[in-house]
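Quick setup: one chain, the form predicted on its own, written in structure tokens, and binding and motion questions come after.
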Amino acid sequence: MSDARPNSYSLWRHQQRLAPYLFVSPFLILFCVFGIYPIVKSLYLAFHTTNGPRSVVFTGLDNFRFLLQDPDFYAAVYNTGVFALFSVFLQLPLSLGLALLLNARWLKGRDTFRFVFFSPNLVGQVFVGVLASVIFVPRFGLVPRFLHWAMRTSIDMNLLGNPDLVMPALVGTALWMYVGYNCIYFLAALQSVDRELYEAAAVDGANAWHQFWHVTVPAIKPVALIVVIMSTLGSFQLFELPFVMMGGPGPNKAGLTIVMYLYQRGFDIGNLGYASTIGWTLALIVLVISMVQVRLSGAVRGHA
């Protein structure tokens, strides 16, 4: 009896030490299988040329050398950069303007409008891409018919078939999807601004523009920077919208993005090694952009 009690206590203490690890073990196992292993595997494949999953040949830095001379990759980087640039610089003012409107006290039914503007983000990019492909259908789509009516012309406006109009169509669709989403961040920031600051500014003789520029803008700078970071990183991961809307890169590869090019090389052609090289190059691009934005974030906080 004297030996059983210490053994039971020791077993209980051992179970207590193991309990936290048992609780987190499902996450750790899933993270290792679907997180760490794919990362390590893709880094391994980046230095190999593959023809399907079984044919793997070590080629060293040949994939990276070929990438630096690949015109299709540069086209994908250019398209992705243009999309990110226009998306961010259009989303920011539109989302902020919409948030200012929805934050106005005189607006009736604000909750309904918030749901309406946010709802496109609830269905995902695939559904939005399918809907956009129908809207942009030549002759019978909503957008071509509106353009025919507005421009008083009978020209067949195939927006997704014209290389010059593919990017505006993609940017417009992305704005429709994400302006309402980013508006929620700005709306939360606006509602957290102390109303006494506006009252004090009004007492000092500041008009509506001065109140916005000297009170609202400084208060929402951190949220604005977060919106810029999220929009930029999300833009560089663009894939579903052009893939669903056009079924591929579009005419003259006007809708080719970095992730789509990765998909083509890895799954259409079967060269997972070169696709891994593209993926790690994209990760490096995103890392550099993130570092720049983090520095800007520190500068904004220091200035504030």
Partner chain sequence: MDYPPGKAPLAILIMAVVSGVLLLVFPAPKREGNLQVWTFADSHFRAYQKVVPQFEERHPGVKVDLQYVHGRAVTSRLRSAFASDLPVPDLLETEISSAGTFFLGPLEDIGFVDLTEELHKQRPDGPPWIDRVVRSRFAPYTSRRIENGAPKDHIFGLPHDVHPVLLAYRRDVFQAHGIDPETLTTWDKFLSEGRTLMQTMNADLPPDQVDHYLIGLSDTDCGDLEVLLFQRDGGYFDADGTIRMDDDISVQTMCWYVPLVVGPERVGYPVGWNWELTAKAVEKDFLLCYLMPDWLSGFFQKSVRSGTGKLALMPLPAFTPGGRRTSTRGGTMMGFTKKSTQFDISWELALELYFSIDSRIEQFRETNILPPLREAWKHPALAEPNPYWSNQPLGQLYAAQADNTPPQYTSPYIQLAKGKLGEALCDCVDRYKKKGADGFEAYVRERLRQSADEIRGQMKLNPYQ
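Residue numbers count along the first chain shown, from 1. Only a predicted model underlies this, so the values are computations on that prediction, with no experimental measurement involved.
What comes next is about the form predicted together with the partner chain, which is not displayed.
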From the candidate stretches 170-178, 183-191, 139-147, 81-89, select the single one in contact with the partner chain in the predicted bound form, where contact means a heavy atom within 4.5 Å.
-> 139-147
In the predicted bound form, do 158, 243 and 247 all put a heavy atom within 4.5 Å of the partner chain?
-> yes
Would you check, heavy atoms only and a 4.5 Å threshold, whether residue 27 touches the partner chain in the predicted bound form?
-> no
The partner chain contact at residue 276 in the predicted bound form, heavy atom, 4.5 Å = no
Though only this chain appears here, would residue 49 touch the partner chain in the predicted bound form if you measure heavy atom gaps against 4.5 Å?
-> yes
Should residue 267 be counted as a contact of the partner chain in the predicted bound form, where contact means heavy atoms within 4.5 Å?
-> yes
In the predicted bound form: members of 227-255 within 4.5 Å of the partner chain, any heavy atom | 243, 247, 251, 252, 253
